[in-house]
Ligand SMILES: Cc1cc2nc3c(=O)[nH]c(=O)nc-3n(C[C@H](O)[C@H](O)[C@H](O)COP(=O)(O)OP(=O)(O)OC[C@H]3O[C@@H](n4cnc5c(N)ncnc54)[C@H](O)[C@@H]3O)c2cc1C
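Here you get one chain, nothing else, as structure tokens; it is the form predicted on its own.
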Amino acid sequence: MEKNEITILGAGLIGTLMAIYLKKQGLGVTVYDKRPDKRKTLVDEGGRSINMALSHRGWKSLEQVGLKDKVLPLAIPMFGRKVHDEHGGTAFISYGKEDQAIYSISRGKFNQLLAEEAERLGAEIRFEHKFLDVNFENQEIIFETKEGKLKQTVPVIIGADGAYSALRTAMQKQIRFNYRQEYISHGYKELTIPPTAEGEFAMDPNALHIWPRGKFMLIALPNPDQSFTCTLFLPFEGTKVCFEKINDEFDLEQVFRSYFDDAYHLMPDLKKEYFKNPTSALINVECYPWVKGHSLLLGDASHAMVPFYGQGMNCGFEDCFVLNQLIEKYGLNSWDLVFEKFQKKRKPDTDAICQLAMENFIEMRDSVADPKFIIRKKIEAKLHELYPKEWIPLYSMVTFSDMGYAEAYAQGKLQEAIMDKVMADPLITENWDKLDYLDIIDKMETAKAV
């Protein structure tokens, strides 16, 4: 195997995008995946994927390799959240300025596009190759295939094999590897709102729809075929409404008629899909180091996060972007240096976005239903409009900029403390548009200087 041959584990979104970056650097790339090639099988993947929300960091990474125009037709812009109350009323909360949107995109078609682009550039993707083990001293890797075990010595390994990474498991057997995983109390189940009888969207297609109900929620994202992919987030057990207590169609109907009635009337296949689709868990993973010899963990393999900030894929794509920048800076023969610089640069940012994703879960299921939350967002939007450099809402810093996640998190905490004081005014609901906005900015600048 040549010196400039890179082995990538995992042919998902991050693995295939990284293969494209590396091919454009002139490197040889082989991608291994334990799953069969979905393009050649009729495997039904329904019920296993939350739609992705593509935002600035993801688009920037795709643009770098010339893929933005190919991806755009697969994506639908969502300009804000449409919050559904229990009586069927809705309120719209924009994500940012008028033209700012996050984009709903289906994982399967997106992944196929990236895989085909990687192959077009000369990367080889070998499916049905299950990673078994690696000897980090001599970079010998062992796969299980249909034909039996395959041993290979490979110069560089990149593990983009997801939240349950086999390469990370191999690293955990090494000394001094820090690892922490946390399953949240909630799981999720994928459902569908199909197009109307006329073939139209059943709801506004340019919004992310949320039914926040305190300890649980339903969300829906649009698809190009005029359907919506819905995700139901419930506790597994222990509360009045949880997966454990939905045992039959009657239980399911009671929950939906009570809490999501407007959605219920748009979901003719609800009962069939609910009992057919799996209930999946949500995990947060943090580990360090990400490097062992010439092997590196990338994307969810090093920092899997819960999906409540819509940044898992965007953060993984930014990993690819940053790694590529370091390769350009230090060359193709300095993997020790490149990998070391990469993990030191990215670790504080990925820790920050994992924490933000956890915190945003509470905001999505609880706060967005609170009328004061909508006022709070209006005040922040007004501050940003009047003082665009001094006050950037946290969501905008994370979603519509490439500011480091750690810096955005720190600035967001300062803003949160100031906004908590503003919102403590008992008359804020009546007087929010008469606030002294310059005084709020002065307090922000003072807090930054401390």
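Remember, predicted model here, so these are calculated numbers, not experimental data. Note that residue numbering begins at 1 and tracks the sequence as displayed.
The same protein has a further form, the form predicted in complex with the ligand, not shown here; the description that follows concerns it.
- Screening 66-74, 388-396, 52-60, 421-429 for residues having heavy atoms within 4.5 Å of the ligand in the model of the complex returns a single hit, 52-60.
- Looking at residue 11, you'd find a heavy atom of it within 4.5 angstroms of the ligand in the model of the complex.
- Contact check for residue 293: every heavy atom lies farther than 4.5 Å from the ligand in the model of the complex.
- Mapping the unseen interface onto this chain, residue 160 counts among the residues with a heavy atom inside 4.5 Å of the ligand in the model of the complex.
- In the model of the complex, no heavy atom of residue 230 sits within 4.5 Å of the ligand.
- This chain is displayed alone, yet in the model of the complex one of 245, 376, 107, 271 has a heavy atom within 4.5 Å of the ligand; that residue is 107.
- Think of it this way: in the model of the complex, the ligand has a heavy atom of just one of 125, 255, 91, 166 within 4.5 Å, and the residue is 166.
- Shown here without the ligand, the chain has 129, 130, 131 in 115-133 lying with a heavy atom within 4.5 Å of that partner in the model of the complex.
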